[in-house]
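Next comes just one chain, in structure tokens: the form predicted on its own.
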């Protein structure tokens, strides 16, 4: 389901190293909607639609705040970095894909680099709601986005590490000593999140107690080839390794609504009638993934040789 689109104006810009912090306010003066901590907005750039986590207050925000790290190979970030105060951008959302578990006894936030952005709104909400939490923050030595703010919000509940050895030591200590009902939240580089999940698994953590938010725009593994059977048209389409399902359908002349091509906006959701989807999106909830009755055509693949879609 599409989220409403609106024009927002760049109200302020400040920078921390290679990160630009933008406040986007309503150009028509109308108030912006509240959002669930961990939510993101979708911004239309000349090349694509990209997702950016909201870092500011989540209740009655005067502006939507985002922090964008510049990447040479990602046109969206470069475009946002060249904006100035007064520019307007097309925004959809907010979209919730990384919400807090309000029934958790304790919240363990594990951050890597610019992965601090969705965690910051979680921390704000935890402080406001007097929830039990702690943060392990890993980043390289030197200036780091939102570190002063995170320190102010967390106080003694923040542990900062600047090398891999110290991170693994702290993670081992904290993952091995958590109260029953703790939920861990991860956001950072894929390698870091994989290491945390592997460590948690060795320490006996159930997979459902770990929530994660992946960086968008990262390269996905090509996957194995599979076939798609279309229930309505009775057509079959081959999807080669390294080719997305959406691309294969487009090549075959089959139109599927889409926007971001990164698995974040939910626009290309397609019903699944048979076969097991290999979910790679950041949009579906865990229960929706488990049901296996839908996938995001832009990034998801198939665990079987054939998949039947409601197309």
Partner chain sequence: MSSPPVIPDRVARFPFPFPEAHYRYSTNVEPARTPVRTAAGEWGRWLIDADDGYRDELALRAQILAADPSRMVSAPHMADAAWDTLLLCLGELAAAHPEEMVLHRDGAVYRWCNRRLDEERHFRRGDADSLGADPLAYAGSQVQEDIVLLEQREGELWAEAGLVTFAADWSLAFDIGMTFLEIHGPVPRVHVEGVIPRAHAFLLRLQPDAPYRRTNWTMSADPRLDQSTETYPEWGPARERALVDPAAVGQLQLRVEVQHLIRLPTSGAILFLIRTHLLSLEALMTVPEWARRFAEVLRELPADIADYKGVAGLRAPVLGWLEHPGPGAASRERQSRSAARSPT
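Positions refer to the first chain, counted from 1. In this text the structure is predicted, and so the values were computed from the model without any measurement. Rigid core (definition): largest C-alpha set, two forms, superposition within 1.5 Å.
There is another form of this protein, the form predicted in complex with its partner chain, and it is not shown here; the text below is about that form.
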Which of 229-237, 92-100, 154-162, 115-123 sits within 4.5 Å of its partner chain in the predicted bound form, heavy atom basis: 92-100
35, 260 and 264 each touching its partner chain in the predicted bound form (heavy atom, 4.5 Å): yes
Answer option from 274, 59, 47, 255, heavy atom within 4.5 Å of its partner chain in the predicted bound form: 59
Contact residue in the predicted bound form, chosen from 270, 41, 248, 282 - any heavy atom within 4.5 Å of its partner chain: 282
4.5 angstroms heavy atom contact with its partner chain in the predicted bound form for residue 208: yes
Touches its partner chain in the predicted bound form: residue 131 (any heavy atom, 4.5 Å): yes
Core superposition between the shown form and the other one, C-alpha change of residue 299 at least 2 Å: yes
Threshold 2 Å Cα movement between the shown form and the other one for residue 15, core superposed: no
Threshold 2 Å Cα movement between the shown form and the other one at residue 286, rigid core reference: yes
In the predicted bound form, whether the C-alpha atoms of residue 263 and residue 184 sit closer or farther than here (change of 3 Å or more): farther
Outcome for the Cα pair residue 179, residue 289 in the predicted bound form, compared with this form (closer or farther; change of 3 Å or more): farther
